[in-house]
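Below you'll find only one chain, the form predicted alone, shown as structure tokens.
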Amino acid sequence: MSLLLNPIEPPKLIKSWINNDAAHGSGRELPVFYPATGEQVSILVEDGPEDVNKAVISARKAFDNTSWSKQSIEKRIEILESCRKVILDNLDELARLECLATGLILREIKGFHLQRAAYNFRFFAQYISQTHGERFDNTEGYLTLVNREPAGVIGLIAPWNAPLALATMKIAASIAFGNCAILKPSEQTPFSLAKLVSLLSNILPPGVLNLVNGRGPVTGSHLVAHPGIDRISFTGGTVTGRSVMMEAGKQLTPCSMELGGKSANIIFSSADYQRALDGALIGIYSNNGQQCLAGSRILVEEKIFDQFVAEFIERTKQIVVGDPLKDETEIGPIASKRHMERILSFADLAVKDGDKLLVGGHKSDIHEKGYFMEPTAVLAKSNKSRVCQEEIFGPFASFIPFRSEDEAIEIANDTEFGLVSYIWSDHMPTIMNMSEAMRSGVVWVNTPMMRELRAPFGGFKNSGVAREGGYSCEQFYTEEKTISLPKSPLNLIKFGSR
């Protein structure tokens, strides 16, 4: 097969961005690869402790010594809308840079990821226009006011699977409430966010948004442990999230954690069959299967199980795996060679454990050096199988049959995770019973996935701590301050006057 083309000529060297200027890191040079060809396309300069410290100093000066944190709501709205416009004005370049590092399908990046990134800024512009404080005057003789003030300097750690869409949620929320921030993207996918931060420097004052690059155990750990950081917002794997919280805990730094998932996608015989089938395929195979909210455990009621699985497998075999630049492509390459090999290892593990491989399970031959794999599904021996308990984070589904609502609830909740749950049924009592029984932060009914940004998003158990969303972000990115004052002069006890 002919060589897949790179989506854009990448920058040869990716540097940090501190105080509205490019800065050369002091650490190692790390290779960056294009997943569709396996070729090295750039070099990332890693930031060490002194570089992270410079970024924190820059942010602290902007927060402590300038008027940024005290900007009027009207001015913040204007800035957020300008940030949105910058994304839309540079949509094509940002999308191609995102494709180059992630291997995500260019069509989907333009049509969803970047639209969401732009909307994140508009959403928070609209949200802060409605914010208000609290007033208590029940206590006789006193008036008490509760205000929210910016929390300070925020460490933002973004994932590799959807850099622009997920990082901009953090950036927009942080600056909307008057904070300054240091963003650390994944070292695997630095291109689009490096470009975006440089573009936003034309709008944001120096120090308000800084960028540092590097691996989690190096750059990330120094950022998390820095005493000048007031909050940490992290999206990524549960194992890494635990390490981040442990390190942040030494400074008592509050954390917001959006972590892993092993979500149950529950299909009842009372569902609209075709919509449920479409939704199950979208739920596991969209975004190249690499998303924490994937419906990776597909639970199907026994009376329709055989038919549903057979049609799911037949549809899976027709999925177009290929060049992320082509409109007909439905699944692009996995983000890295190491991750592709990890996903494929679960196919061998499933067979050894007694699960049945139904489709896929192999590297695709679409390009010899690219990180392409066949979309995969297995029939699990039980929910105890490792493919049902461990987050695979790829285009890899597990099927489990169930007989009753109670059994579906037991299987669905039998996991260390609790991010989202999917329920497919047109029977309202079933919908209500299942929705209330699910131990997950989000329940989607008769829809594959959606985000209402005003509502909280996050997980139970090992799927996270705190939430993202309008009011949830306001709580996290601000500090509450209580101010009490007497309505009239007090008749105070005069100590020492006798």
Ligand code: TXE
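All residue numbers refer to positions in the sequence shown, first residue = 1. Computed from a predicted structure; not experimentally measured.
Another form, the form predicted in complex with the ligand, is not on view; read the next lines as being about it.
Engineer: Counting heavy atoms only and using a 4.5 Å cut-off, do 413, 441 and 462 all touch the ligand in the predicted complex?
Structural biologist: Result no, not one residue of the spot touches the ligand.
Engineer: Looking in the predicted complex, any heavy atom of residue 315 within 4.5 Å of the ligand?
Structural biologist: No, residue 315 is distant from the partner.
Engineer: Any of the heavy atoms of residue 329 lying within 4.5 Å of the ligand in the predicted complex?
Structural biologist: No, residue 329 sits far enough from the ligand in the predicted complex that none of its heavy atoms falls within 4.5 Å.
Engineer: Does any heavy atom of residue 155 come within 4.5 Å of a heavy atom of the ligand in the predicted complex?
Structural biologist: Judged by the heavy-atom cut-off of 4.5 Å, residue 155 is well away from the ligand in the predicted complex.
Engineer: Does the ligand come within 4.5 Å of any heavy atom of residue 75 in the predicted complex?
Structural biologist: Contact check for residue 75: no, nothing within 4.5 Å of the ligand in the predicted complex.
Engineer: I need the one stretch from 266-274, 359-367, 160-168, 131-139 whose residues put non-hydrogen atoms within 4.5 angstroms of the ligand in the predicted complex.
Structural biologist: Single hit among the candidates: 160-168.
Engineer: Which residue, 185, 395, 103, 295, is the contact with the ligand in the predicted complex, using a 4.5 Å heavy atom cutoff?
Structural biologist: Looking at the other structure, the residue within range turns out to be 185.
Engineer: Identify which of 383, 115, 198, 243 has a heavy atom within 4.5 Å of the ligand in the predicted complex; exactly one of them does.
Structural biologist: Selected option: 243.
Engineer: If we check the ligand in the predicted complex, which of the residues in 230-256 reach within 4.5 angstroms of it by a non-hydrogen atom?
Structural biologist: In sequence order, 234, 235, 236, 237, 240, 243, 244 come within 4.5 Å of the partner.
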